[in-house]
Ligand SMILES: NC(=O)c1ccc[n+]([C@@H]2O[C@H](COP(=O)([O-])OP(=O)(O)OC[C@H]3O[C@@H](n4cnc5c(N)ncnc54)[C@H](OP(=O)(O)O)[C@@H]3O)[C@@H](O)[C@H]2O)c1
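Below you will find one chain, with nothing else, as C-alpha coordinates; this is the form predicted on its own, and questions on how it binds or moves follow later.
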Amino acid sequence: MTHSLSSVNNRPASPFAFGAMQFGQGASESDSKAMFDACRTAGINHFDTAHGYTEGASETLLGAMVGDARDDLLIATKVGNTGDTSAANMRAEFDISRQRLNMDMVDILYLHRFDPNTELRESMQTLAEFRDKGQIRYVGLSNFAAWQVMKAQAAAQEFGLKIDIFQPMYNLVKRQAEVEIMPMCADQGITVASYSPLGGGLLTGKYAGGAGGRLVENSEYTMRYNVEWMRQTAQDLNTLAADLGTHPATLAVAWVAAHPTHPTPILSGRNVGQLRPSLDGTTYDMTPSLYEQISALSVTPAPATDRLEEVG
(Lines give C-alpha, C1' and ligand atoms only; values in the text may rest on other atoms or scores of the structure.)
Protein backbone atom coordinates (compact mmCIF):
# COMPACT_ATOMS: atom_id res chain seq x y z
CA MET A 1 0.00 0.00 0.00
CA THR A 2 1.36 3.44 -0.89
CA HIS A 3 0.54 6.96 0.11
CA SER A 4 1.78 10.27 -1.16
CA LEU A 5 1.46 13.76 0.16
CA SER A 6 0.73 16.64 -2.15
CA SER A 7 1.56 20.31 -1.91
CA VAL A 8 -1.26 22.83 -1.71
CA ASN A 9 -1.76 23.05 -5.46
CA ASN A 10 -1.90 19.24 -5.75
CA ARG A 11 1.63 18.81 -7.03
CA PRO A 12 3.33 15.92 -5.22
CA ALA A 13 5.71 16.53 -2.39
CA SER A 14 9.35 16.24 -3.35
CA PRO A 15 11.10 12.91 -2.59
CA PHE A 16 13.47 14.79 -0.26
CA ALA A 17 12.72 17.32 2.46
CA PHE A 18 14.69 19.97 4.31
CA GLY A 19 14.76 20.26 8.08
CA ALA A 20 15.08 23.78 9.52
CA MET A 21 16.18 22.55 12.94
CA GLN A 22 19.31 24.72 12.88
CA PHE A 23 17.76 27.93 11.56
CA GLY A 24 18.74 30.72 13.93
CA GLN A 25 21.09 28.57 15.99
CA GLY A 26 23.96 26.88 14.24
CA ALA A 27 22.82 28.44 10.96
CA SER A 28 22.72 32.23 10.76
CA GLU A 29 19.79 34.02 9.16
CA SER A 30 21.73 34.56 5.93
CA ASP A 31 22.99 30.97 5.82
CA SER A 32 19.45 29.72 6.53
CA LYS A 33 18.05 31.72 3.62
CA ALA A 34 20.82 30.51 1.32
CA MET A 35 20.03 26.89 2.21
CA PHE A 36 16.32 27.46 1.66
CA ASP A 37 17.03 28.91 -1.78
CA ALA A 38 19.42 26.06 -2.65
CA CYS A 39 16.74 23.53 -1.73
CA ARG A 40 14.15 25.29 -3.87
CA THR A 41 16.58 25.30 -6.79
CA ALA A 42 17.10 21.56 -6.25
CA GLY A 43 13.34 20.98 -6.47
CA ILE A 44 12.63 20.47 -2.76
CA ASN A 45 9.20 21.76 -1.74
CA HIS A 46 8.82 20.00 1.65
CA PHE A 47 10.15 21.99 4.63
CA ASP A 48 10.08 20.79 8.24
CA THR A 49 10.32 22.66 11.53
CA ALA A 50 8.93 22.42 15.09
CA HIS A 51 7.59 24.56 17.89
CA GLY A 52 10.56 23.58 20.04
CA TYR A 53 13.36 24.29 17.56
CA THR A 54 15.83 27.09 18.36
CA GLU A 55 13.48 28.89 20.74
CA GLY A 56 11.12 29.73 17.91
CA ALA A 57 13.69 31.16 15.51
CA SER A 58 13.35 28.18 13.17
CA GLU A 59 9.64 28.72 12.59
CA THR A 60 9.99 32.51 12.39
CA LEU A 61 12.80 32.41 9.83
CA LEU A 62 11.18 29.71 7.73
CA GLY A 63 7.88 31.55 7.66
CA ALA A 64 9.57 34.73 6.45
CA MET A 65 11.32 32.84 3.64
CA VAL A 66 8.21 31.17 2.27
CA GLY A 67 6.53 34.39 1.16
CA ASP A 68 4.63 34.17 -2.12
CA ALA A 69 5.74 30.54 -2.65
CA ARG A 70 3.37 29.28 0.09
CA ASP A 71 1.01 27.49 -2.30
CA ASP A 72 3.91 25.57 -3.84
CA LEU A 73 5.27 24.26 -0.54
CA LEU A 74 4.50 21.58 2.01
CA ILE A 75 5.17 23.06 5.44
CA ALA A 76 5.39 20.85 8.55
CA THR A 77 5.75 21.70 12.21
CA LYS A 78 5.42 19.81 15.48
CA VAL A 79 3.93 20.21 18.94
CA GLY A 80 4.26 18.39 22.24
CA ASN A 81 7.99 17.98 22.69
CA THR A 82 8.69 20.44 25.50
CA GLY A 83 5.20 20.00 26.93
CA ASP A 84 2.60 17.26 26.82
CA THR A 85 0.14 16.37 24.05
CA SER A 86 -2.95 17.44 25.96
CA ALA A 87 -5.55 19.46 24.09
CA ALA A 88 -4.66 22.61 26.02
CA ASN A 89 -0.93 22.40 25.32
CA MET A 90 -1.40 21.40 21.68
CA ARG A 91 -3.69 24.39 21.08
CA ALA A 92 -1.33 26.80 22.85
CA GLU A 93 1.80 25.62 21.03
CA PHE A 94 0.10 25.40 17.63
CA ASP A 95 -1.28 28.93 17.97
CA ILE A 96 2.25 30.19 18.65
CA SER A 97 3.69 28.15 15.78
CA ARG A 98 1.20 29.54 13.28
CA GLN A 99 1.92 33.07 14.48
CA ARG A 100 5.65 32.55 14.06
CA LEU A 101 5.20 31.01 10.61
CA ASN A 102 2.64 33.71 9.69
CA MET A 103 0.36 30.97 8.36
CA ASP A 104 -3.26 30.24 9.10
CA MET A 105 -2.78 26.66 7.91
CA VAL A 106 0.14 24.24 8.23
CA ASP A 107 0.18 21.26 5.87
CA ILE A 108 1.51 18.73 8.37
CA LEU A 109 1.28 18.83 12.14
CA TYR A 110 3.25 16.22 14.07
CA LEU A 111 3.07 15.04 17.61
CA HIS A 112 6.79 15.43 18.31
CA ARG A 113 7.02 12.48 20.68
CA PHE A 114 4.87 9.87 22.41
CA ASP A 115 3.36 11.21 25.62
CA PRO A 116 2.64 8.36 28.06
CA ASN A 117 0.66 10.66 30.34
CA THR A 118 -1.97 11.84 27.86
CA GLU A 119 -4.61 9.60 26.27
CA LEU A 120 -4.04 9.37 22.52
CA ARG A 121 -7.78 9.84 22.05
CA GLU A 122 -7.46 13.38 23.43
CA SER A 123 -4.55 14.18 21.14
CA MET A 124 -6.32 12.76 18.07
CA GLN A 125 -9.52 14.63 18.88
CA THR A 126 -7.51 17.85 19.03
CA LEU A 127 -5.90 17.13 15.67
CA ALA A 128 -9.37 16.51 14.24
CA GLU A 129 -10.40 19.90 15.64
CA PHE A 130 -7.50 21.54 13.79
CA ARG A 131 -8.45 19.70 10.60
CA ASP A 132 -12.09 20.75 10.87
CA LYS A 133 -11.00 24.38 11.27
CA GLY A 134 -8.86 24.09 8.12
CA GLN A 135 -5.66 24.58 10.09
CA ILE A 136 -3.94 21.31 9.07
CA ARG A 137 -4.10 18.90 6.16
CA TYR A 138 -2.06 15.91 7.32
CA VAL A 139 -1.44 14.23 10.66
CA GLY A 140 2.10 13.20 11.57
CA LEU A 141 3.88 11.40 14.39
CA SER A 142 7.56 11.51 15.29
CA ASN A 143 9.73 9.33 17.52
CA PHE A 144 6.96 6.83 18.29
CA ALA A 145 7.52 3.07 18.50
CA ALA A 146 5.62 1.01 15.95
CA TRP A 147 3.08 -0.19 18.51
CA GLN A 148 2.48 3.40 19.58
CA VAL A 149 1.82 4.42 15.97
CA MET A 150 -0.75 1.66 15.60
CA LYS A 151 -2.38 2.66 18.87
CA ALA A 152 -2.61 6.23 17.55
CA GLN A 153 -3.95 4.95 14.23
CA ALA A 154 -6.78 3.19 16.05
CA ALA A 155 -7.57 6.29 18.14
CA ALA A 156 -7.51 8.50 15.03
CA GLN A 157 -10.15 6.46 13.23
CA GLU A 158 -12.82 7.52 15.73
CA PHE A 159 -12.42 11.08 14.45
CA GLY A 160 -12.14 10.29 10.75
CA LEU A 161 -8.35 10.74 10.78
CA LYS A 162 -5.46 8.56 9.78
CA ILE A 163 -1.75 8.86 10.44
CA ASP A 164 -0.42 10.26 7.16
CA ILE A 165 3.29 10.63 7.83
CA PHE A 166 5.85 9.41 10.34
CA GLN A 167 9.33 10.67 11.26
CA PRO A 168 11.83 8.10 12.50
CA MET A 169 15.56 8.45 12.92
CA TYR A 170 17.19 6.49 10.10
CA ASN A 171 20.71 6.30 8.71
CA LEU A 172 23.45 3.79 7.99
CA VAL A 173 24.32 3.36 11.68
CA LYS A 174 20.77 3.73 13.04
CA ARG A 175 18.71 1.09 11.24
CA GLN A 176 16.15 0.06 13.86
CA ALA A 177 13.39 1.56 11.71
CA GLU A 178 13.89 -1.28 9.22
CA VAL A 179 12.57 -3.83 11.72
CA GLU A 180 8.99 -2.73 12.29
CA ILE A 181 8.52 0.96 11.49
CA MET A 182 9.15 0.87 7.75
CA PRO A 183 7.13 -2.32 7.12
CA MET A 184 4.31 -0.92 9.26
CA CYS A 185 4.28 2.37 7.35
CA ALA A 186 4.27 0.57 4.00
CA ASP A 187 1.34 -1.57 5.15
CA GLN A 188 -0.64 1.37 6.53
CA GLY A 189 0.04 3.79 3.68
CA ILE A 190 2.03 6.12 5.92
CA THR A 191 4.73 8.26 4.32
CA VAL A 192 8.13 7.95 6.03
CA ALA A 193 10.09 11.20 6.36
CA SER A 194 13.27 10.04 8.05
CA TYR A 195 15.64 12.39 9.84
CA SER A 196 19.42 12.38 10.53
CA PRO A 197 20.55 10.71 7.28
CA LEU A 198 24.12 11.75 8.13
CA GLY A 199 24.06 10.42 11.68
CA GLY A 200 24.51 13.86 13.22
CA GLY A 201 27.48 14.42 10.90
CA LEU A 202 29.27 11.18 11.83
CA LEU A 203 28.88 9.77 8.32
CA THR A 204 30.46 12.83 6.69
CA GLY A 205 33.83 11.84 8.15
CA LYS A 206 34.49 15.29 9.60
CA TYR A 207 34.86 13.99 13.16
CA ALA A 208 37.75 11.74 12.17
CA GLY A 209 39.73 14.94 11.69
CA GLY A 210 38.70 16.40 15.05
CA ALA A 211 36.19 18.90 13.70
CA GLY A 212 33.59 20.50 15.95
CA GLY A 213 29.89 19.90 15.60
CA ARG A 214 26.87 18.32 17.28
CA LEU A 215 28.64 15.06 18.10
CA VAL A 216 31.14 17.07 20.14
CA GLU A 217 28.93 19.92 21.38
CA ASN A 218 25.69 18.06 22.15
CA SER A 219 25.78 15.36 24.85
CA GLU A 220 22.72 13.63 23.40
CA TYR A 221 24.42 13.22 20.03
CA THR A 222 27.65 12.11 21.69
CA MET A 223 25.77 9.38 23.54
CA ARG A 224 23.85 8.40 20.41
CA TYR A 225 26.80 8.01 18.05
CA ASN A 226 29.97 7.61 20.14
CA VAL A 227 30.14 3.87 19.49
CA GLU A 228 33.23 2.16 18.10
CA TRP A 229 31.51 0.13 15.36
CA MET A 230 29.64 3.25 14.22
CA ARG A 231 32.88 5.17 13.92
CA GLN A 232 34.32 2.26 11.91
CA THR A 233 31.31 2.28 9.61
CA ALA A 234 31.80 6.00 9.04
CA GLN A 235 35.46 5.42 8.23
CA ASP A 236 34.58 2.63 5.80
CA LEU A 237 31.98 4.81 4.10
CA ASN A 238 34.56 7.57 3.69
CA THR A 239 36.99 5.12 2.12
CA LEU A 240 34.33 3.90 -0.31
CA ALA A 241 33.34 7.46 -1.18
CA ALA A 242 36.97 8.34 -1.94
CA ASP A 243 37.24 5.29 -4.20
CA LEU A 244 34.09 6.38 -6.04
CA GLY A 245 35.19 10.02 -6.27
CA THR A 246 32.24 11.36 -4.33
CA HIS A 247 31.41 12.68 -0.86
CA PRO A 248 30.38 10.30 1.94
CA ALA A 249 27.36 12.51 2.74
CA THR A 250 26.18 12.04 -0.85
CA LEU A 251 26.32 8.27 -0.44
CA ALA A 252 24.68 8.40 2.99
CA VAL A 253 21.70 10.39 1.71
CA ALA A 254 21.29 8.36 -1.47
CA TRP A 255 21.47 5.13 0.55
CA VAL A 256 18.58 6.19 2.79
CA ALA A 257 16.45 7.18 -0.20
CA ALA A 258 17.14 3.84 -1.91
CA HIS A 259 15.47 1.76 0.80
CA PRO A 260 12.72 -0.36 -0.82
CA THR A 261 9.98 1.56 1.04
CA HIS A 262 11.16 4.85 -0.53
CA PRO A 263 11.44 7.09 2.52
CA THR A 264 11.77 10.86 2.24
CA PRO A 265 15.14 11.80 3.78
CA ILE A 266 15.14 15.11 5.65
CA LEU A 267 18.32 17.00 4.78
CA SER A 268 19.86 19.73 6.88
CA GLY A 269 23.02 21.69 7.48
CA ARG A 270 24.56 24.86 8.89
CA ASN A 271 25.37 26.48 5.55
CA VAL A 272 25.14 25.80 1.83
CA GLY A 273 28.67 24.42 1.66
CA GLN A 274 27.83 21.84 4.28
CA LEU A 275 24.46 21.09 2.66
CA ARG A 276 25.72 20.72 -0.91
CA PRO A 277 26.95 17.07 -0.68
CA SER A 278 23.55 16.08 0.73
CA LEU A 279 21.78 17.84 -2.14
CA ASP A 280 24.06 15.95 -4.52
CA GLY A 281 22.66 12.79 -2.97
CA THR A 282 19.20 13.65 -4.30
CA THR A 283 20.36 12.88 -7.85
CA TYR A 284 23.06 10.28 -7.18
CA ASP A 285 22.71 7.01 -9.10
CA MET A 286 22.49 4.44 -6.29
CA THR A 287 22.66 1.10 -8.07
CA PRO A 288 21.37 -2.05 -6.36
CA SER A 289 24.89 -3.44 -6.06
CA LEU A 290 26.23 -0.23 -4.48
CA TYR A 291 23.25 -0.15 -2.12
CA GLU A 292 24.10 -3.66 -0.93
CA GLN A 293 27.79 -2.76 -0.64
CA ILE A 294 26.99 0.23 1.58
CA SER A 295 24.46 -1.76 3.62
CA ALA A 296 27.16 -4.31 4.39
CA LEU A 297 29.23 -1.61 6.13
CA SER A 298 26.89 -1.63 9.14
CA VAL A 299 24.90 -4.07 11.23
CA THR A 300 21.59 -5.17 9.71
CA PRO A 301 19.11 -5.44 12.59
CA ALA A 302 17.45 -8.76 13.28
CA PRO A 303 13.82 -9.15 12.18
CA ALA A 304 11.07 -8.45 14.68
CA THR A 305 10.47 -12.14 15.34
CA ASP A 306 14.20 -12.91 15.55
CA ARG A 307 13.63 -16.01 13.38
CA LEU A 308 16.72 -15.45 11.26
CA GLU A 309 16.32 -18.79 9.47
CA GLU A 310 13.10 -17.53 7.88
CA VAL A 311 14.62 -14.41 6.36
CA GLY A 312 15.36 -14.99 2.74
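Throughout, we count residues from 1 along the sequence that is shown. Because the structure is predicted, anything quoted here is derived from the model rather than measured.
There is also a form predicted in complex with this ligand; it is not shown, and the following applies to it.
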query: The unique member of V139, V173, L198, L74 whose heavy atoms fall within 4.5 Å of this ligand in the predicted bound form; finding: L198
query: Listed range touching this ligand, judged in the predicted bound form by heavy atoms within 4.5 Å, from 120-128, 140-148, 177-185, 100-108; finding: 140-148
query: Contact test in the predicted bound form: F159 vs this ligand, heavy atoms, 4.5 Å; finding: no
query: Contact of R40 with this ligand in the predicted bound form (heavy atom, 4.5 Å); finding: no
query: Contact flag, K206 vs this ligand in the predicted bound form, heavy atom cut 4.5 Å; finding: yes
query: In the predicted bound form, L290 touching this ligand (heavy atom, 4.5 Å); finding: no
query: 4.5 Å heavy atom contact with this ligand in the predicted bound form for all of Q22, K78 and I266; finding: yes
query: Sequence-ordered list of residues in 38-53 near this ligand in the predicted bound form, where near means a heavy atom within 4.5 Å; finding: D48, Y53
